[in-house]
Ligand code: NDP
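One chain is shown next in C-alpha cells, namely the form predicted on its own.
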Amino acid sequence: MKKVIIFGASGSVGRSAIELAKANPAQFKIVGASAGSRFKGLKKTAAELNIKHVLDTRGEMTTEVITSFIAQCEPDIVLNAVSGFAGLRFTLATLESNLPLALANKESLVAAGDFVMALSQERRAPIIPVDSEHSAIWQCLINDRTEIKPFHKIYLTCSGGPFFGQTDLSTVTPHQALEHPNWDMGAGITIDSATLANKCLEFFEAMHLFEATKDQVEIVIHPQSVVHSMVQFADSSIIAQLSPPSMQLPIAYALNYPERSECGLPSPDFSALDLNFRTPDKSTFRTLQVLEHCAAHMQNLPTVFNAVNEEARNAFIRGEISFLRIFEILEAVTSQTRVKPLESLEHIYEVDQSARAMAKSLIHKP
C-alpha cells in the first residue's frame, strides 16, 4: 500500500486521485490532502476517508509550512495537483523532503524547470509525470525501469480543443470555451486547451523532463485523445501509449511506479477506434507562434509566458477581455520582454510578478 499526500485535492486531478484511492483501498491510503477555496468540502471528504491531515492553503504557503506538513503525514509519495504557478512551492517542498513527486502541476517545470530538475537530482527525489501526455512519453521511454532511452523525437498529441478546425474565434464566449470535447477538467486548464496554451506549457515541460531540444518536440493534433503521445527512435520506429481519456490511468501509473497493477480502469474498444492526426493551425491559434519565440530563447521567457497566460485567461473567464485578446496580450508581453537568464528561485518569483503586472496593465487598458 502506498501512503499518498494529495496537494490540490479539490481540483479535477485531485478528485480523480481520491476516486482512484476509494476504488482501490488495498493499494492507496491518503494520509494528507490540501485545498484552498474548497477546503470545507475537503474536510468532509477527509472525515469520510479517514484522512488524518488536511492543509488549508488559503493561508500563507511558504516552503517551510508545506515541508512541515509533509513530515507530519509521513507519505511514500506526493501528488502535486495544485493549479498554476502556486504549485511551485509544493514541488520544491516535496523534493526538499527527499520524496518521489507525482507531478501534475506543469507550471513548476515551465516557470522553474532548470531549478526543479536540479533539485530532483540533488535530493535523488524522482519526478514522475502525471499529465497524460508526459506520462505516455515516460512510459514509451522507460521500458526497463533503469534509464530514459535515447530518442529522436517526441510527438506531443493535442485534442485541438473545442474550436479545432475553426478559423474565426472573434465571437468565442467563456461558456463555449469551457466545453471541451474529451476531457472533464477545471476552468483554467479547459480555457488553456481552447487557446492551445496548455499544449505550449506541455511543450516546455517536455523539454525539461526529457532533456529535449525544441526541435525534438512536435505538437500533433489528435482529436480522439486516445494516443496520448508518441516517441520516435533513431531507426524511425515509433512507440505510442494508448488509453481512453481518463486521468486515473496516469495517476495510478505514477503512484504505483515502477509497478503496474489492476485498478479497474477501462481498455480501448479497438473496433470502434478511428484515429487521425493533423498539423496544428498556428495562424488561428497564435499561442503556438508565441511558443516558437519562447522555445527558441528559453531562459526567462517560459516563466513570462506562464504568468501572462494565467492573467489573460482568468480575465477572459471573468468576462473582462475577449478570447482573441488572450493571444494579443501574450504576444505583446513576450515580445517586449528582454531575454535574461534566471539567476535564482527568488528571481523567478520577481519575473513572474513583473510579467503579471504587464499583463494586468494591458487587460485594464481602455
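Quick caveat, the model's predicted, so the values are computed rather than measured. Numbers for residues come from their place in the sequence shown, where the first is 1.
Omitted from view is the form predicted together with the named molecule, to which the following refers.
Here the marked residues 170, 191 and 309 all miss the named molecule in the predicted bound form; none has a heavy atom within 4.5 angstroms. Only one of 197, 101, 82, 137 comes within 4.5 Å of the named molecule in the predicted bound form through a heavy atom, and that residue is 82.
Look at 223-231, 106-114, 276-284, 154-162: in the predicted bound form, residues with non-hydrogen atoms within 4.5 angstroms of the named molecule sit in 106-114. In the predicted bound form, the named molecule stays beyond 4.5 Å of every heavy atom belonging to residue 207. Put simply, residue 9 is close to the named molecule in the predicted bound form: some heavy atom of it is within 4.5 Å.
Although the partner is absent from this view, residue 334 stays clear of the named molecule in the predicted bound form, with no non-hydrogen atom inside 4.5 angstroms. Although the partner is absent here, residue 294 sits far enough away that none of its heavy atoms falls within 4.5 Å of the named molecule in the predicted bound form. Using a 4.5 Å cut-off on any heavy atom, none of the residues of 332-364 reaches the named molecule in the predicted bound form.
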